[in-house]
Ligand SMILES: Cc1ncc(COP(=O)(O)O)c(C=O)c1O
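One chain comes next, on its own, written out as structure tokens in the form predicted on its own.
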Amino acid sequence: MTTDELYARHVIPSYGRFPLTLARGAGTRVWDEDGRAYLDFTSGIAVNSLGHAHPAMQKALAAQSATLIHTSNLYLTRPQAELAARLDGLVGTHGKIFFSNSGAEANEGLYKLARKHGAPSGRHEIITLEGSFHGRTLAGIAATGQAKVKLGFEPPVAGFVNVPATLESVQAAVNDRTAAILVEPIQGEGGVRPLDAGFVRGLRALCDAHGMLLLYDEVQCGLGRTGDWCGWHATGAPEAVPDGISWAKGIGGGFPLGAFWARDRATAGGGSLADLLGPGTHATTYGGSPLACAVALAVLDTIEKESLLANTRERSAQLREAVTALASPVIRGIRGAGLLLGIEIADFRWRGQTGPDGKTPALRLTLKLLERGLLVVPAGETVIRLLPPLNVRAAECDEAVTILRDTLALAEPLS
């Protein structure tokens, strides 16, 4: 059987997959089963921070797998302790870490932290924003401010309120049941939309005034993707330090790992928020395994040793300038931070196309770019994301923009 046939027969069809079967990768390139190369500006959806098959990750995987792969969290292991200390240091404010396996699980930890914090005063609701995305668990769906992800999974998990991304809307939603506000500093799936600095500062002040937690979902924008370790710094409000942060995606460079951080601050009931989830309140079998943590430490080491935060900022500026210089009538603008960039496009058709093809503009362009050797990711109906690895080279960015330019030359806007 072909790979396509095996998928059709044995894999649950829950993904809208692209017509491409990948066989291997190296750096910023991947190859299909026929040996054709593609420039990968998806990074596994902001996961492969070091690209494909990086030597540091290979070495860490080999060394740790020959020593200790898994123990469960009934025991202590050095890699987990070292990674927790490393992550805590990157935030700049002291807290503690819980390790999971994914971003959805990391967010589940934040939901539980908020409820546990609010329980003594009967508060359990969490306010989130329209356009947000917080995962595919039932609670993640309820937290997500997009109607399309909720269809067919009613009734929703109680305790989540989705509101427009304005301070007035958030203020109006606060009541005596509100325990926390959860936001993505940059909405990724929602169209690569950075939050405004004044809005973020207002959220921090609102939480302080009402004794609520401010939580940041940095699953996509955290740990280097924006050119800074802390994704919320990209909003222009670095002083708006949160009470909790969720991470995943780039944390392990492609090895499954998630985590959330809880701030070391006093709670109304006494004690620290960082210690609120005590023994028996939250757990995982696989989270924080020696293998996962050793790989994550290698990823963080490499980002520092190879000055990849600086490279991320430099390549971001290069891509922004080059895409803007295209002056294509199909491109409406580019936004985002670091190497989490969204190009908004107008509706268009390919020259010679006689009728609608039923695809959104973002999907239509994504598929054509794939045909021409560049992999990108849609974000909604009118945005494509550029998510290259943090070690992408200047020449590779030039190559990507050239493919984009030549592809858009085949398009004409519909209005």
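Please read these numbers as outputs of a predicted model, since none were measured by experiment. Residue indices: 1-based, along the sequence shown.
Missing here is the form predicted together with the ligand; even so, the following discussion is about that form.
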Response to the item:
For the ligand in the predicted complex, the stretch among 223 to 231, 127 to 135, 90 to 98, 321 to 329 with residues bearing a heavy atom within 4.5 Å is 127 to 135
Worksheet entry | the ligand in the predicted complex: contacted by all of H54, L300 and T302, heavy atom 4.5 Å | no
Discussion item. Check N107 for me: does it contact the ligand in the predicted complex (non-hydrogen atoms, 4.5 angstroms)?
Written reply: yes
Discussion item. Residue-level contact is defined here as any heavy atom of the residue lying within 4.5 Å of the ligand in the predicted complex; does T284 satisfy this criterion?
Written reply: no
Fill in: V219 within 4.5 Å of the ligand in the predicted complex, heavy atoms
yes
Practice prompt. May I ask you to check whether E184 falls inside a 4.5 Å heavy atom distance of the ligand in the predicted complex?
Written response: yes
Worksheet, complete the sentence: In this chain shown alone, the residue from Q171, S102, T77, S272 with a heavy atom within 4.5 Å of the ligand in the predicted complex is S102
